[in-house]
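First, one chain by itself: the form predicted alone, in structure tokens.
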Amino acid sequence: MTRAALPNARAEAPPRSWWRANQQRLTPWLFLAPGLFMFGLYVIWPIADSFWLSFFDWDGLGEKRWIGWGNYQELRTDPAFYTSLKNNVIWLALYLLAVPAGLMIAIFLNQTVFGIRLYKSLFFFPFVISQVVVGLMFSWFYAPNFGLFYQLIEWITGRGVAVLADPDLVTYGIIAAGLWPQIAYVMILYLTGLNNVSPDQVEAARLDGARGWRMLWYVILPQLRPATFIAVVVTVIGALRSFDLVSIMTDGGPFGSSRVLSFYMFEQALSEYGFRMGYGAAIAVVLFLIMMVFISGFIWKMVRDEREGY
């Protein structure tokens, strides 16, 4: 028998199918596909459609009429838009106080002392309340004649202050109402982050003599970066989309002085004052761009710090 006739000991393996050759690379995308589809359908597409709709004059039912940059040019001369924009800036500046306040409360509650569970429950309570309920509670709190805040100011100064009826104070009164549950939410984020702080690093810092603010700044806060990132992002988004409290407590009044961009967008697009879908979409685009500037800037800083090893 010749060597050519001998059976081939090393038989060639059958060619792999296309799926087997690409299975490891494609499987993660198959798991992500449903989420990506829903994200594209309910987030990306509405954003793109809002940009497109902002170039039309449309009442929501009739025929769309192309007007190009007309809605944006009208925004430049709209005093109500500038009032709303100014109030949103105030919201953003003061709402960020929730981040350090939530951190301080979380550090206070991150202890093992008698009754700490009760304290945690009391501080957590505002987070589980609906924003509508929060708005109603603070409306009664500020109410003239019988509101607790009104009576307290009247007792101290001899004259009460109707916060929600004063154009100069109304925005600050609503922000105070919004900060109450927002601080509770940030506190929860930081409590979760504090549970993941390395005790070895804390002990090593104590041996090196770190105490108080030095311990917080150089040891605790660097390990809380993920919690801080989420806290800042959700607080910025909450400040810029502050609609429900304004609607419940003042409905944009008095005299439109408490409007914010999200409420003005609703007022122009869907309320009895407007049905101007294109103009409302233009306001939504401006609000979206402002939100993206703040969030993108913070993301860029976080990525830069991570690359530099801080």
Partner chain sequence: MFQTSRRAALALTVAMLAATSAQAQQRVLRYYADFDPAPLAAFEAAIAEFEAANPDIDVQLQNFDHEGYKTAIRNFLTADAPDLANWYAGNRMLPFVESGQFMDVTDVWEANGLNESLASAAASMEIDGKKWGVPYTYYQWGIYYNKSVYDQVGATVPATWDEFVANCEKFAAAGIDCITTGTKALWPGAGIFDYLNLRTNGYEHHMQLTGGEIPWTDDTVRATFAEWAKVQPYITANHAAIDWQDAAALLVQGKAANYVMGNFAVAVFKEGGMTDETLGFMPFPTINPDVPRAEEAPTDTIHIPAGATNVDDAKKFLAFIATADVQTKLNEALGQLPINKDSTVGDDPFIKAGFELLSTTPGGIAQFFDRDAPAEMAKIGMEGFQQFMVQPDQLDAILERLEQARQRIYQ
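Here the structure is a predicted model, which means the values were calculated and not measured. Numbering follows the first chain given and starts at 1.
Below, we turn to the form predicted together with the partner chain, even though it does not appear here.
Within 4.5 Å of the partner chain in the predicted complex, a heavy atom is found for not a single one of Phe125, Val128 and Asp244.
Contact with the partner chain in the predicted complex, defined as any heavy atom within 4.5 Å, is confined among 249-257, 29-37, 47-55, 281-289 to 249-257. Proximity to the partner chain in the predicted complex, taken as a non-hydrogen atom within 4.5 angstroms, holds for one residue of Pro222, Pro226, Pro100, Pro167, which is Pro167. This chain is displayed alone, yet in the predicted complex one of Leu179, Leu92, Ile153, Ala162 has a heavy atom within 4.5 Å of the partner chain; that residue is Ala162. A residue is said to contact a partner when one of its heavy atoms sits within 4.5 Å of a partner heavy atom; Gly212 fails this definition for the partner chain in the predicted complex, lying far away. For the chain shown alone, Glu74 is a contact residue for the partner chain in the predicted complex, at least one non-hydrogen atom being within 4.5 angstroms. Contact annotation for Asn145: at least one heavy atom lies within 4.5 Å of the partner chain in the predicted complex. Taking the partner from elsewhere, Gly158 is found to have every heavy atom lying beyond 4.5 Å of the partner chain in the predicted complex.
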